[in-house]
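Just the one chain here, the form predicted alone, laid out as structure tokens.
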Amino acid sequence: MTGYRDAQDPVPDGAADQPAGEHGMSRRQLMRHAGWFGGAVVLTVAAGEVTSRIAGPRGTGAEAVAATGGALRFVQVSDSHIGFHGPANTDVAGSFTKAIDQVNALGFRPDFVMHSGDLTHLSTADQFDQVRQMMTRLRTDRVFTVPGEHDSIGDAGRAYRQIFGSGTLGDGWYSFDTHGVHFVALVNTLSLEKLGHLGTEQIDFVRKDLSGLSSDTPIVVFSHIPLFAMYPQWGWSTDDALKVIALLRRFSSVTCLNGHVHQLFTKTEGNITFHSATTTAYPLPKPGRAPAPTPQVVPARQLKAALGIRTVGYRQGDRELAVKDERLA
């Protein structure tokens, strides 16, 4: 099962979240988005709704969940792009090593680590072997992955699946349960035209996978490309995601975690909260702020601030999901 042991600036026109009033985004949501980068955001599930707040000082939010015995604690890393060579980051392997060190220094052992795609930059056998070897250093029982489009160059993801696809279905999708939470890992980086794409077979898998679950089961969905229309002009969306979103509407708490966009972004639509993760490799421009989403060259101090990891905690008794994004130390 792909597991192995061992804005601050406002978003421009056309992006997913708009100023207050348009698309139903409240001023409170806009302020929450503006303070997202580098902060701890706590999502609380109560009465079938997902609410969030900027976490307080140490000892609240993710830290409080982590300190609770029996809680679920996992980490998301994304877009390591092992094999990238360019001025935006001359040592992506070094940056990913620092991210792994940061995970290992969290003060608790994560139940699992999820890499949400673009493990490699060019899908070569050497790059896949390098990133696999690097992730064996993670102090966790399980490592899960989903592929990015950079993991599927020229072979429809076959090389990726040879290393990371054990126990998966179809082109690499799967699901699992732990600590009362149901996780679904999707592949939307194959059959690309301009946008991400899931396909009929995978959507049928999701339908059958969710059919036996009660509506109060917390659901977490992983994908590489966003399942919401963050910025379709750059391909930052999935063309048939609404079919999966419709299947998720009956659940009281749904959290969708993605990579691909190399920056933090959050959006809430009813019972579903979407979180885009940052990268361990190099930043991309904010939506619409450049002609294309190409690697951005920034001063070294700004580069470190743009990279990071995400920790997530869930405490079954309180039904609290805590999400914290941390800059690369």
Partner chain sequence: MSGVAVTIRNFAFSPATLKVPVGTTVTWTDQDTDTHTVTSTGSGGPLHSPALATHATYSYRFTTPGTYAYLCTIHPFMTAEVEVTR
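Please read all numbers here as calculations on a predicted model, not as lab measurements. Positions refer to the first chain, counted from 1.
The same protein has a further form, the form predicted in complex with the partner chain, not shown here; the description that follows concerns it.
* Does the partner chain get within 4.5 angstroms of any non-hydrogen atom of Asp240 in the predicted bound form? -> Because no heavy atom of Asp240 falls inside 4.5 Å of the partner chain in the predicted bound form, the answer is no.
* Asked: Taking heavy atoms and a 4.5 Å cut-off, does Pro218 contact the partner chain in the predicted bound form?
  -> Although the partner chain is absent here, Pro218 would stay clear of it in the predicted bound form, with no heavy atoms inside 4.5 Å.
* So in the predicted bound form, does Glu193 come within 4.5 Å of the partner chain, heavy atom to heavy atom? -> Answer yes; at least one heavy atom of Glu193 falls within 4.5 Å of the partner chain in the predicted bound form.
* **4.5 Å heavy atom contact, Thr294 and the partner chain in the predicted bound form** => Answer yes; at least one heavy atom of Thr294 falls within 4.5 Å of the partner chain in the predicted bound form.
* Asked: Exactly one stretch in 137 to 145, 232 to 240, 109 to 117, 167 to 175 has heavy atoms within 4.5 Å of the partner chain in the predicted bound form; which is it?
  -> After filtering at 4.5 Å, what remains is 232 to 240.
* Asked: Out of Ala125, Leu213, Ala246, Leu122, which one falls within 4.5 Å of the partner chain in the predicted bound form, going by heavy atoms?
  -> Of the candidates Ala125, Leu213, Ala246, Leu122, Leu122 is the one lying within 4.5 Å of the partner chain in the predicted bound form.
* in the predicted bound form, which residues of 97 to 114 put a heavy atom within 4.5 Å of the partner chain? -> The stretch 97 to 114, when checked against the partner chain in the predicted bound form, contributes no residue at the 4.5 Å heavy-atom cut-off.
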